Ligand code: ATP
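Okay, here we've got a single chain as structure tokens, the form predicted alone, with questions on binding and movement later.
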Amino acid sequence: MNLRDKNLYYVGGIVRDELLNKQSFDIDLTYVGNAIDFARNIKDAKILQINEPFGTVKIELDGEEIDIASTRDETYPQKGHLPQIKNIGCPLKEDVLRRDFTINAMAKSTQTGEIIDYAGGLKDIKTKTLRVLHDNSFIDDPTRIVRCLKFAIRFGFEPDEHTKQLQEEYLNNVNYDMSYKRLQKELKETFSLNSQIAFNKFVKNNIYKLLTPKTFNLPDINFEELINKYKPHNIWIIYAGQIPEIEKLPLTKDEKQIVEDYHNLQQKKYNSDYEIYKNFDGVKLESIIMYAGINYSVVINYLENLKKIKLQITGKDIQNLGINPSSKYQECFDFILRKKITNTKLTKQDELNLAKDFFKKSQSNGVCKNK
């Protein structure tokens, strides 16, 4: 990107990641002044989107989409919720010092490449330290506690003692009137890293109390290994979905179903392979892996042995035997399934023979009628 100006700076994650020699997925640019007016004066730039209240603008330049934000200050009149924007076009120092941690509060000039560091982020990167910028940081935005965990896992950093103390103090007195949409975003990004260490710290350090005051004990199982082996699609909900009162979050329909199925699985009996198969069949993989924290051996038995068992016979095959469709079809399938679980080598012809036997006995009892 060839966009350079004395008032234009890279800020936040892109500066941090460059110093850590890591790939950055977000390019954050801040203009000291009004970014919207600045964008309008860029030659050959096409304005794609403007957000006046936040002083942000999206442009297209040389085939590349670029987001530029005005420097701004923020206040939190309602703790735990979105901040109130004030003083758009403020000095750069005020803009960077409103951020979460020192390692994310650095700027880099697009013109000279100079690193601007008002908060000691360079030193904290060298010492692998996560440090908040002020004592009300978690009170203003409690989701920063989850961000702290996320950065610790991603970069191998640790919060300093004062930041740990502030986190512990907040978790002992959580304000549950907060933005759960913002909390979900941070939980999703953190747990999508698929780190058992992150989950262990989330529970042992009582970070789960951001959602519920109820006690939550860490399951004695490595979910990371199961996820790596069986490749479920929705990783984050496997971790987060076990937390009490997860329903506070604005979950999607599929995520709600995964959590509901997980709770339903806890009410079932698993006294035989047939019961295990029937309880798990048709349930999303995420719910099944979650249940491994309660009954690991049952889940492994299903995923490794029982899940691959499939009947070859279909309803059409039964119709071809001259049997009218009825609720007895399902009873027949269950009958054959029980047999196949004990003898997985049954062929389709074996299944057809079992179906004939089933309906023969049913007919002798006057239950089924042929066409």
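All residue numbers are counted from 1 along the displayed sequence. Please read these numbers as outputs of a predicted model, since none were measured by experiment.
This next part talks about the form predicted in complex with the ligand, which is not shown.
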query	finding
Position in contact with the ligand when the complex is considered in the predicted bound form, options 185, 201, 81, 256, heavy atoms within 4.5 Å	185
The unique member of 268, 128, 278, 154 whose heavy atoms fall within 4.5 Å of the ligand in the predicted bound form	154
Partner proximity in the predicted bound form: residue 17 to the ligand, non-hydrogen atom cutoff 4.5 Å	yes
Distance check, residue 158 to the ligand in the predicted bound form, heavy atom within 4.5 Å	no
4.5 Å heavy atom contact, residue 147 to the ligand in the predicted bound form	yes
Proximity of residue 28 to the ligand in the predicted bound form, heavy atoms at 4.5 Å	yes
Candidate spot 104, 141 and 189, all three touching the ligand in the predicted bound form (heavy atom, 4.5 Å)	yes
Which of 268-276, 120-128, 173-181, 91-99 lines the interface with the ligand in the predicted bound form (heavy atom within 4.5 Å)	91-99
